[in-house]
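Below, in structure tokens: the form predicted on its own, a single chain.
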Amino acid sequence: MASQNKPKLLWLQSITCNGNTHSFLNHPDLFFILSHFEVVHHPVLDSSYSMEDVIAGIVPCDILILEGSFQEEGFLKSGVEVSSIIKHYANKAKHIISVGTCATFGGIFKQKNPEAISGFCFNAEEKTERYNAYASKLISLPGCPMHPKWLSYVLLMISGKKDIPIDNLHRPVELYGYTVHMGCTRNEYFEWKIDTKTFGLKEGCLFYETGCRGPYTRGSCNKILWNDINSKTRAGTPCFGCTEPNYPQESFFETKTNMGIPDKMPLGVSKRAYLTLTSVAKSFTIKRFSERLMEYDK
């Protein structure tokens, strides 16, 4: 495909740690993915236009990728409000992709100034004043950071002119229609209420004792593995719920309970159903679940 016929891809940053930029650079097929586009500007990769050109408003843009939390006033580059730069190209773009929880919902940087900082089209779960103007071309890819293959999925769907089914927060259903709990290698331990009380082990569920939010966090982290081999829960670390609008929550390593019952039920599960299954599971002892999967060095 000649470069003049390729969709023009512009990657803009606002208040960010660069986590999503670096995540995408780890994609095993990065240059194959990018070969479908003309990268007109990127914060790290060589590209056709400079930041000065971007600020001047002269850069062509079909696909706008936004990284970082949004602030209407007070965040400048070369004396120009970043918000005005973003909105200029958002008006030109055919597609807008918010990469990461900060760009989507506000994320960690929102905690600094909750009244002024948000995502581009969402402030946590609430729609911002910009939502109606850009909703028709918005795709949300929350995550701290987003998985690189989540972005490649969206880009290749756009390149192939295919529809992307989305949920009410504009997240692709193919990527966020699951919970992190689905595909977790610890599911049997969860079902039989066998807990682990520490990190880094292969045995035991991380939900009760170490605060795993996998049962009520939407994401495909245990379906599309990180670096093709791992995830937080597989490594023995609880899910932090980083794809959700209310991220970051307090008490990452604690599941709040009331008389031993979790305050929040797994997604879509009633308290009655949960208590019934729990009471049955706890009445049995399964020897296999009390044994180590492998011996560890002392």
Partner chain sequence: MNNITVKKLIEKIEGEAELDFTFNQGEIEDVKINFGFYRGIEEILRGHDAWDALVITPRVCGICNHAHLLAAVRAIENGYENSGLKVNLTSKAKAIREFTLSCELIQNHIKWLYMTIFPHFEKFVGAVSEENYAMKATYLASTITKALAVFSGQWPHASYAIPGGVTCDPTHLDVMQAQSLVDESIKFFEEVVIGLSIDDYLAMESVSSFDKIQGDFGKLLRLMIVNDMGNKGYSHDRFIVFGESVLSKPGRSIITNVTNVDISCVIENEQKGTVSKAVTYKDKFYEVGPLARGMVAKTPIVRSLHKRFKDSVLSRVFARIHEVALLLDYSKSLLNKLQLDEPSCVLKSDVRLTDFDGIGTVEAARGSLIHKTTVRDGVITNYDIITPTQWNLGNSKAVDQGIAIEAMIGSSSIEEATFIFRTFDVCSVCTTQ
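Positions refer to the first chain, counted from 1. Since the structure is predicted, the reported quantities are computational estimates derived from the model, not experimental observations.
The protein also exists as the form predicted in complex with the partner chain; that form is not presented, and the subsequent description refers to it.
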- Looking at N246, N230, T257, S270, which has any heavy atom no more than 4.5 Å from the partner chain in the model of the complex? N230
- Contact residue in the model of the complex, from K223, K94, K127, K112 (heavy atom within 4.5 Å of the partner chain): K112
- With the partner chain left out here, work out from 168 to 176, 118 to 126, 151 to 159, 104 to 112 which stretch has heavy atoms within 4.5 Å of it in the model of the complex. 104 to 112
- Query: Counting only non-hydrogen atoms and a 4.5 angstroms cut-off, does N18 reach the partner chain in the model of the complex?
  - Reply: yes
- Item | Touches the partner chain in the model of the complex: F37 (any heavy atom, 4.5 Å) | no
- Query: Does the partner chain get within 4.5 angstroms of any non-hydrogen atom of I33 in the model of the complex?
  - Reply: no
- Message: Is A135 part of the interface with the partner chain in the model of the complex - any heavy atom within 4.5 Å?
- Response: no
- Just give me the residues of 187 to 207, first to last, that have a heavy atom within 4.5 Å of the partner chain in the model of the complex. K197, T198, F199, G200, L201, K202, E203
